[in-house]
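Below sits a lone chain in structure tokens, taken as the form predicted alone.
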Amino acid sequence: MKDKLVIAMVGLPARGKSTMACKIARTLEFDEVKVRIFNNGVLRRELSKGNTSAPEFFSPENKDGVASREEFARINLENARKYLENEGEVAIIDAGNVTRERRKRIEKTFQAIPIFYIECVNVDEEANEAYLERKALLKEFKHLSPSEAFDSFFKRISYYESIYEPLHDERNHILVDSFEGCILQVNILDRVPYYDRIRDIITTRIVKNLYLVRHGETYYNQEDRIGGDSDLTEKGLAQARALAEYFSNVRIPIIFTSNHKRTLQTAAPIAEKQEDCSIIALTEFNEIHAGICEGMTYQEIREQMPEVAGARNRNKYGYVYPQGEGYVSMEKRIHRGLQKVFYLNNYSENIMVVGHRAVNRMILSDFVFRQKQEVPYIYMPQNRYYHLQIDPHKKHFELKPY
């Protein structure tokens, strides 16, 4: 008989619990483990007659709200118990589970099955705020403006904070920084099935589908100028429309861009062809700032600043433009941008990044481990895109035309 396990997620809303749950479930499925996620929020939305997104529904002082949420939790646990009694091997309880009382109910429901708690935290306030903004775009908040939805969800979190009891006495638990993807504390007193595998999953990047796209042609591209914030040309707009048509039958819930117009203009028609697609602009994905060379052509740099052209040719990766940036100085911000992408995106969903030539080279190199001196020469055309898939069993990437 195969091992059975209950994984109970713990943490405040918008701390990456569902993303972590999906990541674990998807990888265990690759290992041919029968696993299922039991999400309290999904069940609440399915069974509720009215809209339960209002923050007051989550107030500890709202007796009717507390009773309803406890009933949803009971049903979810019962569904998980039946699943494990039959064909299921791993049940993931995806909920806040922020009180010891709730966790004791889990333990009472599964007395004969090991329970492994995973508590998710994130102290990066900027990432938390971005996550809240992402949550505010969900269907349950469609009746509110983005700012109203943000405030509503923030108030919901405050109610959870008022009753939050971190893990302490539970026999088998770990504390995870869900933004950094690292394990902060470990307390394992019993044999936990699949523990080594789960620990590896938590600290490993997994990508269902990543579509890495360069923006369409700009007026600066036509003139061979660097940097700036140029608009797309007619050809560039046509490329954006072609991309939108190409990906119209591929579900893309989020498109990540830079703050520059050329990436936003490329992403807009793609998002329009999707249902409930958000565009999230990250400053971390802005193109290299060329400092005193911003807006110049490469020919002008060679003629007017031969020392700059010469030094950059000798070490393109390590060179930093005067008063600007270089590949080497972008490393930290590109890495942080990728952390945000994976924190904000569910591991069961597709990801699209519409970026720039140098930025996309840096992103690609992070997955395919190119030597640093090779990165500035990675081919990054405007009429093709890179498709990447990464799981613990394999890595796959290809350059495809659209």
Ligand code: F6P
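We number the residues from 1 along the sequence you see. All values reported here derive from a predicted model rather than from experimental measurement.
Although it is not shown, the form predicted in complex with the named molecule is what the next lines describe.
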Interface segment, criterion being heavy atoms within 4.5 Å of the named molecule in the predicted bound form, picked from 145-153, 281-289, 124-132, 246-254: 281-289
Among the candidates Arg81, Arg103, Lys208, Lys316, the residue which, in the predicted bound form, approaches the named molecule to within 4.5 Å (heavy atoms): Lys316
Residue among Val213, Val176, Ala95, Ile226 with a heavy atom within 4.5 Å of the named molecule in the predicted bound form: Ile226
Any non-hydrogen atom of Tyr219 within 4.5 angstroms of the named molecule in the predicted bound form: no
Touches the named molecule in the predicted bound form: Ala358 (any heavy atom, 4.5 Å): yes
Exercise: Arg312 in contact with the named molecule in the predicted bound form, heavy atom 4.5 Å: yes
Touches the named molecule in the predicted bound form: Pro376 (any heavy atom, 4.5 Å): yes
Contacts with the named molecule in the predicted bound form, stretch 252-270 (heavy atom within 4.5 Å): Arg262
